[in-house]
Each structure stands twice: as C-alpha cells, then as structure tokens.
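Consider the single chain below, provided in structure tokens and representing the form predicted alone.
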Amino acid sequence: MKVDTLIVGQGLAGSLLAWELISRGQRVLAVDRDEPVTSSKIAAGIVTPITGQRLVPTWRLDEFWRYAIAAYRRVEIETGEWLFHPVPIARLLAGGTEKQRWQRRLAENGGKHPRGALPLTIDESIFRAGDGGFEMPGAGWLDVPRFLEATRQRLLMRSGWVAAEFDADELEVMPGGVRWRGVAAERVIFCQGWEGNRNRFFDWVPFRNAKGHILDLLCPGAAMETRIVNRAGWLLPLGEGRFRAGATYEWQFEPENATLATVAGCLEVESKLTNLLRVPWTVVGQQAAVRPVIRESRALIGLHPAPDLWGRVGFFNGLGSKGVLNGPFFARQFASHLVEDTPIEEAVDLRRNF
C-alpha cells in the first residue's frame, strides 16, 4: 500500500490534520489503537474567549475562531453530522481575587464590559453567583467524540484508517520516504497526544501532562439552563437535565493509571459543583484521561530537525485544552507546509523551539 502521509494517532490533532491533507489531494492512512478512553474522546471541547483566573482574552482568539468555525462547518457538510455548537458561557466569579481583577478590568474600560463580554443574568436560586460575573456570547463546544467517529468513518471510506499499535522501531526512514509494515509513504506524522515523547524520534520533547476527571450528571433542577456555566470548573448542558462537569488537573500520576477514574477525582469535581450549584445532582458516570501539555496549551508542529531523517518524520502535538480552538488553524498551517512548502510560524515550529 502506498500513501502520501502516514498519521500515527487519530485523536483531535490527527483528525484535524487528516482533513487538511485530504483537502489538498493527499492520500492519508491513519493508524490508531482505537482505545475506548483517550483525552480526545472524553474532552468537553469547550471554546472559552476569556480564560483563567486572570480573566484574560484567549491567545489570538479572533483569528483562530474564524478558521475553526469554517473548518468544522466544512466537516459537517462533508459528513452530515452536527459537530460544533455555538453556546454562550456564563462565567461566575469565584470570590475575592477574581472579583477584584474583574472590577479592575471594568474600571480600566470606563465601567463598560470589555470586548467579548456582556452583563450577566442568571438564576441565583440554581447557581451560586453572589460574586457576580459576565456572559461570553462568542463561545461554544465541539462534540469531540462525534467528530472523531465522523472522521474515522470518512477515512474508512477512503481505505485510510487501520487499528494497530504503532511501534516506532518498526518504522524505516529513507531519503525517499518511510515504510511501516508494508505501507510506503512520503512521510509520517506523529499525533500521539500525551505519549508523544514515548518513541525514539521525539523523546527529547519536554511534556508536562495533566490527568483530568470528568463527570456525567443528572441535574433536573438546572435543566432550563442552556449556557455553559463556569465557576472554577465548568458545567456543560446536554439537554433534558443531562450535564457534563469538570475538570481536574493532576500533574503527578502513574502512566499505567492514565485512564483510571478515582474516588479522589470524583470528589474534586463534586467540590467544584458544590461551589457552583444550589440544586442537587446525581453522578451517573465518570471518566479520566491525560491531556498532552507541552507549554501553555500552544501547538508544537513541524518536521524532525535531524538531517538523517530527511524531513520525513513530523510532529503535531501540544494542543492541550485549547485544541478545539487553535487546532484547525495549525493543522492547516502544517498541511500547507507539508504539501506546498509554506513556512511554519516560529512560535510553534518544532525546529526553532528545541
């Protein structure tokens, strides 16, 4: 079998890159372990315009948002699936420091809400909103599991997907291309998420991964709320009183327990819910997985700098919690680099950053 690009890992990064390469006429083969639980498969996929305890605008929001919306709509047209949901976020302030920071931002803006934020109206019999907050209308979420499955089905239609464990030691790299188990390709791109530095090519990339827990809930008392609600944690409405809630950040964990859901993880998310909700809920499910974090949730893309790999081995990783927003933009940039030899911007170029 001969293809243009071999993609290792069909999570969010691998899927986005596959769509961009296909749109450029490339033949792609994605190799994936098809595990039931991965960070992409359990991700909430939320796009948040103003983020963190510092309440700052998301990096390059407008630029990334425009391309992300266009990219997901193209996939929706191709697959007939509804994948990206524009939904406002109600951001509730979590006490003293956040409240003070937000008041300073309002004062600096002449008492007006900054761009991307509106005054908040929320039912305080349901939510703990005594410290105030604001609404972000330009937000939303991607149904990541559905997006991954739609991508897999499209790849299968093109004979471009296979379930397998990819051992990098089985890969042969030559000046004219690469070969793996009878598959010949122009190049191979590793999109392996948090395990991205666990092969012989990229063991030098410094990951700082974070394990996270997410809960599935029934909360009939909040069923009328259709916005995503955030207060030191998030609550994502799925309709009919069903919600997802998260998340935790565990920086120390055993790799063999990467997807092990724990009581401690459940209790931490429930603590966030206690600070958010005044109405009761019931936990009906729990999942855990590991986010790939390299630096500040910014992508790292490019071809391996070693001259004896002849530009045949590439890396697309580090999307982190902002991947739904910035992933489509950098997938386009990397695909253009691979096919049309356009430059990769220095801020995310693998060769220039390590």
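Quick caveat: nothing in here was measured; it's all calculated off a predicted structure. Numbering starts at 1 and follows the sequence shown.
There is another form of the same protein, the form predicted in complex with a small molecule; it is not shown, and what comes next is about it.
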item: Triple contact flag V188, N197 and G302 to the small molecule in the predicted bound form, non-hydrogen atom at 4.5 angstroms; value: no
item: Interface membership of E165, the small molecule in the predicted bound form, 4.5 Å heavy atom rule; value: yes
item: Heavy atom of L350 within 4.5 Å of the small molecule in the predicted bound form; value: no
item: 4.5 angstroms heavy atom contact with the small molecule in the predicted bound form for K322; value: yes
item: G45 within 4.5 Å of the small molecule in the predicted bound form, heavy atoms; value: yes
item: The unique member of A289, I50, V313, I294 whose heavy atoms fall within 4.5 Å of the small molecule in the predicted bound form; value: A289
item: Proximity to the small molecule in the predicted bound form, single hit among R27, R298, R33, R60 (heavy atom within 4.5 Å); value: R33
item: Heavy atom contact within 4.5 Å of the small molecule in the predicted bound form, the stretch among 270 to 278, 80 to 88, 157 to 165, 219 to 227; value: 157 to 165
